[in-house]
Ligand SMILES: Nc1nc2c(c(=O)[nH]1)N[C@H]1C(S)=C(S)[C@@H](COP(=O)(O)O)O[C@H]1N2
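We begin with a single chain expressed as structure tokens, specifically the form predicted on its own.
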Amino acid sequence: MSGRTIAALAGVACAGGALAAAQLAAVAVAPGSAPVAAVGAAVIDATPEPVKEFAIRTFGEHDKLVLLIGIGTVLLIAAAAVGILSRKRIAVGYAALAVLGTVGAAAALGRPAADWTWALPSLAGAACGALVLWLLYRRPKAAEASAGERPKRSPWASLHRRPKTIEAPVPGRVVDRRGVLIALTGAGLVGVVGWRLGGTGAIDSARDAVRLPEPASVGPEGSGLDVEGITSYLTPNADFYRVDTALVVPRVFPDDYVLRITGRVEHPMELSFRDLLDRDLIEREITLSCVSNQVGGDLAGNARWLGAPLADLLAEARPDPDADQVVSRSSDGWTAGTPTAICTDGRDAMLAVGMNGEPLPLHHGFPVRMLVPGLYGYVSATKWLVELELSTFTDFDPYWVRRDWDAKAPVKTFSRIDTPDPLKRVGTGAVPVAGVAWAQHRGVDRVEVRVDEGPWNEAELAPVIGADVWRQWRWEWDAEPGRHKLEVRATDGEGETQPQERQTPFPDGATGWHSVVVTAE
């Protein structure tokens, strides 16, 4: 390999050693204190709303993975460039590592849940990277410095072989080739150890040890339609959509868990996880949906939730009459604001501890999350919940409201065609058209389908169990040969039909009729 390639690899080794050491140090502090996680979280916070919408629309639940890959790619290119420059001026390498440590520490300290210790992993990583830099880049010896001089040869040597051309050395430092390989291997091993130690094994074990009690109140169980290709009535936990700002999933152990109810209340409260489990829990089927969901999108799911009624907890805390907002806080500092009146109006708002018969999955808020039927998740469904603060809408703007999303966000009426798929070729004659529709807390009363902008046809609906769950629907289409456009619309329990006009999710949810184009032959 050429000298430039070795120098580039040396730069990667220095950066890799710094990041690996920081990741290992973060095990003792907090997973979110690692520089890549901290910088990534800061990037998420600073990203403009149109870019976030594009990322969610394009990459869905993989948006965070794409962000991490992007950060890694930028670091790799920058590290290689710094490695080459450091061969001539090693101060460039030290300066780059100082910047890396400073930016990582600043990003970590800027997280809502951080304390001063969150700066330590980035600083320790930068120090480790500087040590690797010092070991890999050494001053040339006298013999190496004169290696460009052509050695004296016998006048007869040219008769026997062609003399070798010796490349003139690059002024500055010499990179230890063997050391580069050792450093790359060591950085990889340390990184793997840090990743393993910082994994979810301990919290997974704690979750597995949780035994959920029997609910005091059990809601009815719904059922779906038997149509191939339709979304299942209950969404399995592994398939339930995930949209949040947590680049590193918070790890809150049940034994350490404390929920605080604070703010404008007469009776502030603190409850442990056991305190919540010992309350009279309710079990209900509730559909959740994300405000980022596009027309026809799949950022919605239906599950059977087990939890403590939120209205009962608030009644015990005795909020002030003017406290019109419940600010819920996640363990990582994320906030949502929910109208107090909606939390206490009789709907099944709860602090959930179970999902589809098991403790909450880690990615869905274990050990406790909040959910309020009828509102989009960004104002009602805080995961990893640790605090409820009674406040007012004039006193506090939560995370997404500060970014100009609507403060009060009732779920809009949605309907979606699941089958047939867009651009699919189907047979002529009887073709099942089916999907799901939802209008949480208002319910879905009617779903209609039309072909090629013709008359609307009422679809068959699955049995209804309540206004807070979605309903599957089915309509049998007598397909004629040719290319056709299928459209669907739903009417909620208040008699309002979803509007045809397309609106993007920002600032309070998308609207519009979903359509697919298919060919019958």
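Counting begins at 1, following the sequence as shown. Everything numeric in this text was worked out from a predicted model, so none of it was measured.
There is another form of this protein, the form predicted in complex with the ligand, and it is not shown here; the text below is about that form.
> Counting non-hydrogen atoms within 4.5 angstroms of the ligand in the predicted complex, say which of 80, 451, 426, 290 makes the cut.
The residue from 80, 451, 426, 290 that makes the contact is 290.
> Using heavy atoms only and a 4.5 Å cut-off, determine which of 326, 417, 381, 107 is in contact with the ligand in the predicted complex.
Filtering the options by heavy-atom distance leaves 381.
> Counting only non-hydrogen atoms, choose the one of 68 to 76, 225 to 233, 437 to 445, 242 to 250 that falls within 4.5 Å of the ligand in the predicted complex.
Contact-bearing stretch, as computed: 242 to 250.
> Is it the case that residue 307, even though its partner is missing from this view, gets within 4.5 Å of the ligand in the predicted complex, heavy atoms only?
Residue 307: no contact with the ligand in the predicted complex.
> Would you please decide whether residue 137 lies within 4.5 angstroms of the ligand in the predicted complex, comparing each non-hydrogen atom pair?
Flag for residue 137 set to no.
> Is residue 364 close enough to the ligand in the predicted complex to count, meaning some heavy atom within 4.5 Å?
So residue 364 counts as contacting the ligand.
> Report yes if any heavy atom of residue 94 sits within 4.5 Å of a heavy atom of the ligand in the predicted complex; otherwise report no.
Looking in the predicted complex, residue contacts with the ligand do not include residue 94, since no heavy atom lies within 4.5 Å.
> Mind checking whether each of 412, 498 and 505 has a heavy atom within 4.5 Å of the ligand in the predicted complex?
Per the other structure, none of 412, 498 and 505 touch the ligand.
> Which residues, if any, of 325 to 345 lie within 4.5 Å of the ligand in the predicted complex when only heavy atoms count?
Counting only heavy atoms within 4.5 Å of the ligand in the predicted complex, the contacting residues of 325 to 345 are 330, 332, 334.
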